[in-house]
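In the block that follows, a single chain appears as structure tokens, in the form predicted alone.
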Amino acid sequence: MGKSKKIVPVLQPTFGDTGEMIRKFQRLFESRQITLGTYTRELEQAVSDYLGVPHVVAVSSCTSGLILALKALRLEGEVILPAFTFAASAHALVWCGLRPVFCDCDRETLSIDTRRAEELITKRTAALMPVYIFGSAPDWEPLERISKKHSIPILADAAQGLGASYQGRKAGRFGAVEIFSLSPTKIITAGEGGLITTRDGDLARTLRKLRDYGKAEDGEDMEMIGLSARLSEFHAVIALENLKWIDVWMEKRRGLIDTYREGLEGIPGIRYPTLPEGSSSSWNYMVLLIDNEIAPFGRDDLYLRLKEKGIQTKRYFYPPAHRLAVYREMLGPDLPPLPATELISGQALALPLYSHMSEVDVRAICGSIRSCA
């Protein structure tokens, strides 16, 4: 039997002190307190301290966090969000009876086009939902100006953004509420899970009830229609140990991205997303933008040729949210023309990146890309 080909995954979770995790798991088994216990509270406090935000609510996923936050804000009508995003952003809106209004993206930062977003506001607009694309903060200054001018709240899908910042303020301190993911594809993972951040104490109390079915404080009566969206203590332990490494891992990933860019320098038709002025990224993804008319290979051609070499990549976000079958059917003739989103969706390719990755592997991938030229 021939030797199997080594597969380089596009994403892998990185873990901190697994020995300490296992010791804490053992204590959980012995205590039988495996939900809404000590470690969940410790995680919420640790994230609160790290981000400088007063209220953090741990939940079972970013998607459940989005749904709960939308419910807690009592929104009705339409919400403006970028079409260049993962489906969950729009799915959460529909689950809450809200209509997604898809907005084009900026061709350089790939974040929501704030000028176009303001043009889409009508009397039916209930909120804005910017997204942290590939870990980079959106352009918060114009978003906050628009929010104030039109008296509409901002709810941010910050799934990929834990650790990012904008003009000296860490992600989690913007808008009415921000929601982060702790899934295996994120720089800090809990296995599965999410975090909701807010500066509003009343909203935080509502969210804590909603994540536990809507229970009253006595634990018996029901005050709201909530979900079973608690984060288990096991997941909280994983996130706690990993959170200790966030700054180290972000710096490591930034270095790997620099290595990628050095290794691919000079290939025509390749560029990279830029950051809004004064912002930083969590460096959750390494993404190329490939001009299919100038580069020596097309985006889809490179995707397939690297796959043959055992290197996984991801066409991201492809299709964009408004082109997914469910939203094409929902919007029908109202499907908006979004030229920047259509362009970027046909150019973006995520390359392998994880915090324990070696520079040797990065250089080897760059060599494989160059061999496709």
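Residue indices: 1-based, along the sequence shown. Just so it is clear, the structure is predicted and the values come from calculations on it, not from any experiment.
There is another form of the same protein, the form predicted in complex with a small molecule; it is not shown, and what comes next is about it.
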Task: Of Ser281, Gln160, Asn242, Thr206, the one that lies within 4.5 Å of the small molecule in the predicted complex (heavy atoms) - done: Gln160
Task: Of Thr40, Thr313, Ser345, Thr63, the one that lies within 4.5 Å of the small molecule in the predicted complex (heavy atoms) - done: Thr63
- [ ] Assess the spot marked by Ser136, Gly172 and Leu275: is the small molecule within 4.5 Å of a heavy atom from every one of these residues in the predicted complex?
- [x] no
Task: Touches the small molecule in the predicted complex: Thr198 (any heavy atom, 4.5 Å) - done: no
Open item on the list: in the predicted complex, is there a heavy atom of the small molecule that lies within 4.5 Å of any heavy atom of Thr125, even though the partner is absent here?
Closed with: no
Task: Partner contact for Ser111 in the predicted complex: the small molecule, 4.5 angstroms, heavy atom - done: no
Open item on the list: Residue-level contact is defined here as any heavy atom of the residue lying within 4.5 Å of the small molecule in the predicted complex; does Ser165 satisfy this criterion?
Closed with: no
Task: Proximity to the small molecule in the predicted complex (heavy atom, within 4.5 Å), stretch among 175 to 183, 258 to 266, 116 to 124, 217 to 225 - done: 175 to 183
